[in-house]
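Listed next as structure tokens is one chain, alone, in the form predicted alone.
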Amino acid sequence: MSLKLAKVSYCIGEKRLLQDISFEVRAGELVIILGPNGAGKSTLLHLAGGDYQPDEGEVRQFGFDPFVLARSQRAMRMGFLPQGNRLDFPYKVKEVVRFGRSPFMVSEKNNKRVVAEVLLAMALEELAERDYLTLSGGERQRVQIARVLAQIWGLSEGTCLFLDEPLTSLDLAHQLMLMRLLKALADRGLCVSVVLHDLNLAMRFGDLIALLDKSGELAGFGTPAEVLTPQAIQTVFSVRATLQTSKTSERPVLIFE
């Protein structure tokens, strides 16, 4: 398994944020982490990425404990997009994306190629020469995503990608563009983990769903059809939902009441 969490728990002081989380994700799978505010979604992502060490249990990426790896080693094995990326210097867009190549000792020609490909993939090529600070919130978010993608671009086996609420500030077209891109990266062999709030996007694009409840426990793990049932949505989100057949997708659509 490429990503394995076994009986993972995490506390801050006396408060237990996550309790007894266990699941496994294989290379080539896109897992989407869902749950209400305060359920521990971001904490779970940081544990999986090796930023935090669990108080109980263990985390393994392709057999390695990411927490004990040097940051330089982790930087060449995974990309991580946290919430609230802040940059207050007037770099050009292409320079910000180039930061993602910093861990790799390769030719500048190769780095330029990767940056150009990622800019194209994120529909940023026309903004390449723009001052980052002049961009809109959604454009800045796409640049930050591109920076992380540049870090893992061209890698496959042994590589993880973690994104915490990457759809923040993105319009609908760019949300769909990004989700299709993440699915394509998973199909190439990456292990991709994403925190989302949109249950219908999770239903449409996720291979697996990790659903957390308000107590920080795993309310469900499995395929979207197995996890995102009306009963589970009612229990976890206190919202009534029904499933309707989609004319454009094999997967159903959630309708909320």
Partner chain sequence: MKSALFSALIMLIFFMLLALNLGESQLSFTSLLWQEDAVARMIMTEVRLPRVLLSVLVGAGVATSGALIQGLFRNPLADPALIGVSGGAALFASLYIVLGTGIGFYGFGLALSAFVGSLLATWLVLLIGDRGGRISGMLLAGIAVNAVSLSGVGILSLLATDQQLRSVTFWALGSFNHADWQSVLIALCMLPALLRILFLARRLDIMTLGDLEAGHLGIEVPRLRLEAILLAALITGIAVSLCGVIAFVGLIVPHLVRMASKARHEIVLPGSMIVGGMLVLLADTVSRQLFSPSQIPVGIVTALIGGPFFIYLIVKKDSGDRL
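None of these values were measured; they are calculated from a predicted model. Numbering follows the first chain given and starts at 1.
We do not show the form predicted together with its partner chain, though everything after this point is about it.
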* Asked: Taking Ala184, Asp207 and Glu257 as a possible spot, do all three reach its partner chain in the model of the complex with a heavy atom inside 4.5 Å?
  -> no
* **Contact residue in the model of the complex, from Ser102, Ser169, Ser156, Asn110 (heavy atom within 4.5 Å of its partner chain)** => Ser102
* To do: Evaluate Glu95 for contact with its partner chain in the model of the complex, applying a 4.5 angstroms cut-off between non-hydrogen atoms, and reply yes or no.
  => yes
* Should Arg147 be classed as touching its partner chain in the model of the complex when contacts are defined as heavy atoms within 4.5 Å? -> yes
* **Gly138, heavy atom within 4.5 angstroms of its partner chain in the model of the complex** => no
* **Any non-hydrogen atom of Glu125 within 4.5 angstroms of its partner chain in the model of the complex** => no
* So which bits of 45 to 70 sit within 4.5 Å of its partner chain in the model of the complex, heavy atoms only? -> His46, Asp51, Ala70
